[in-house]
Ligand code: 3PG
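There is one chain below, alone, in structure tokens, taken in the form predicted alone.
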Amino acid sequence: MATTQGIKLMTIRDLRIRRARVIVRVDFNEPISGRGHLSDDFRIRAAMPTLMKLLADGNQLVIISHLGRPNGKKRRTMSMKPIARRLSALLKRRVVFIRDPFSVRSRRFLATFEEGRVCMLENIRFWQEEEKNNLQFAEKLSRFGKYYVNDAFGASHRAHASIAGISRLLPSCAGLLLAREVRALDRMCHHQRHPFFVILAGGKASGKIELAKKFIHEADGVLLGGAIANSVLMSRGFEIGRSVAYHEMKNMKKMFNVSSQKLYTPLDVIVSPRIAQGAGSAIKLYSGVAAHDYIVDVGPATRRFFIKMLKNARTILWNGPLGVVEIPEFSAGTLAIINALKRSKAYKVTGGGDTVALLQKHRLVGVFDHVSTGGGAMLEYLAGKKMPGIEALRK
């Protein structure tokens, strides 16, 4: 069993499902181009152990996922069909794509049992009842199986019908991926080995303010970059130019202790006149940023300082890149620190879409002991918030 915030969570190994129709909720929200080409399959691969285990035990799978935010409308560019094709290639077996699971023909097909059959439903968010957590809709979905398995950690912070609804209607448990996420993040929350350092960065600050507030007390140091670093520097009265920050949070000092000695902001930064490839850049002390500058990365002094801080760490939590990593020349700071962590013996966990994409691109996923499939879900779990999908399994 996995343990979530002190509560045991039953998994597919405990429930021992055999030769049954099983509904599996996954998070296959992968980036797809307009032509239906997948640019990444990280989340699909992460769920493979659960799917392979269930298939090895002679089950029939009905896979449910969402893709993007279609707002209850059928959008061709958000169809799960390309995902079904990719899953078929990974499983090396046919995946039956069900465009309308509620038609009479589809319901009859899904009600018949065939060992090893894999079906994938169309984007569940095409039906507006999903995001409303409509109980009648959840009941309709529950008819597709005898058991329910939640392996969608990245969506478990949503109170949606296929996340929190079905689990109240069928014998339910966690998949292997969700259980692994829970174990890794619980270790960060409750069983850290010190020195323990947290790196918070990326293009959004809102979800990270709660973590900064929490880990100032629990960690030995909180290293900041990106939007949250800019926001803290701004609250201290420094110029951040046109950089990404939460400018409306001028009362940030009231939200948490921005002057804490455990809070480390950049010593120097890389600035650019534009956020664009080939725009040029310069190194400046954070006290020397001009009104027309964009802060796009941490500077060399900051990189050396952060690497030195992390050298003897035994636990490291990282969320969000330190620069605008979509542009190669602004990813140097993040890559320098990740490469330095190759030599670290600390237990290292990271997550967030931009960070994972960078790790994949540079083949650095192996630097970390656990790479979370959840961005917002990871932040909420670490902040101690209750996750509807996990709470439903506990009950």
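It should be emphasised that the depicted structure is a prediction, and the values quoted were computed from it without experimental measurement. Numbering starts at 1 and runs along the sequence shown.
Although it is not shown, the form predicted together with the ligand is what the next lines describe.
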### Message
With a cut-off of 4.5 Å between heavy atoms, is Arg69 one of the residues that contacts the ligand in the predicted complex?
### Response
yes
### Query
Wondering, does Gly154 line up within 4.5 Å of the ligand in the predicted complex on heavy atoms?
yes
### Message
When the contact criterion is heavy atoms within 4.5 Å, does Arg125 count as touching the ligand in the predicted complex?
### Response
yes
### Task
Spell out, yes or no, whether the shortest heavy atom distance between Thr50 and the ligand in the predicted complex is within 4.5 Å.
no
### Task
Only one of Arg86, Lys146, Arg158, Lys284 comes within 4.5 Å of the ligand in the predicted complex by heavy atoms, so just point that one out.
Arg158
### Task
Could you work out which of Gln60, Asn29, Thr355, Ser331 is the residue within 4.5 angstroms of the ligand in the predicted complex, going by heavy atoms?
Asn29
### Query
Quick one: which residues from 367-393 get a non-hydrogen atom within 4.5 Å of the ligand in the predicted complex?
Gly375, Gly376
